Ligand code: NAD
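A single chain comes next, written as structure tokens; it is the form predicted alone.
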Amino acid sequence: MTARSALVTGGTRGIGRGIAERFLSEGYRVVINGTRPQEAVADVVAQMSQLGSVTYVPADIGDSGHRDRLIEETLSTVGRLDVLVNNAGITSPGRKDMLEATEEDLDVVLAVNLKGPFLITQGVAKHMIEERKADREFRGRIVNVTSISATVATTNRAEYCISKAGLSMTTKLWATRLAAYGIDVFEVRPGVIRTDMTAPAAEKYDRLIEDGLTLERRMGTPDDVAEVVSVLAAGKVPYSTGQVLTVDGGLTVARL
């Protein structure tokens, strides 16, 4: 049997890179994407290649032509795709107060964070269904990386919150639609993770965490999220399709 394969969108940095590197260390053939040209990520890809077989496909998942090409090149590279991780995402432009957010801001964020993952899942699911028909032992797995912002309101990132809430429902919808084909769909919901996206606010978060924002007194890491995604991809959480796994150090635990 050939090695298992995975597509990780937004896989060149942050949480996505952590997930991709975990898969590589476990013997997966991995395809990653990002919006930067090949030469701009050559060093990153070279470093990841030391762990295993990785292919970079430049693609903006908010663009229909790019999405189609990403799926096509992924399948031509790996043949059979076992795991899809919808991780790519952007934050709200300028983090404007929601009274000042523009229609363009909303369109851009929803295109990447919600429409892109929905349609990539649609394309990949059709492939996985055919694999299932050809091999009853095949079980595809799809993981949507959302955020605690799916349920925690932040008024200067309204577009981002809306997109993650939508992606959370998308998980339930695809889990429902694909269960008959043995394809599990999960949502992984990170909290405050130390990445380049959170770097501008890292000092603020460190202070809040020290004051008790989270139960575990540290920011999360991409490895924390990657560990959970790895377990899901390996089928070690059975009979649980459609569920949410929250990786936030206890931030969203209700307390008095």
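Residue numbers run from 1 along the displayed sequence. Treat the numbers as computed from the prediction; the structure is a model and nothing was measured.
What comes next is about the form predicted together with the ligand, which does not appear here.
Contact annotation for residue 195: at least one heavy atom lies within 4.5 Å of the ligand in the model of the complex.
Although the partner is absent from this view, residue 60 contacts the ligand in the model of the complex, with a non-hydrogen atom inside 4.5 angstroms. The ligand in the model of the complex is not approached by residue 74, whose heavy atoms all lie more than 4.5 angstroms from it.
Among residues of the shown chain, residue 174 is not one whose heavy atoms approach the ligand to within 4.5 Å in the model of the complex. Partner contact region in the model of the complex: 61-69, out of 61-69, 22-30, 46-54, 209-217, criterion any non-hydrogen atom within 4.5 Å of the ligand. Between the options 109, 185, 84, 145, the residue in contact with the ligand in the model of the complex by a heavy atom within 4.5 angstroms is 145.
No residues of 122-139 lie near the ligand in the model of the complex, the criterion being any heavy atom within 4.5 Å.
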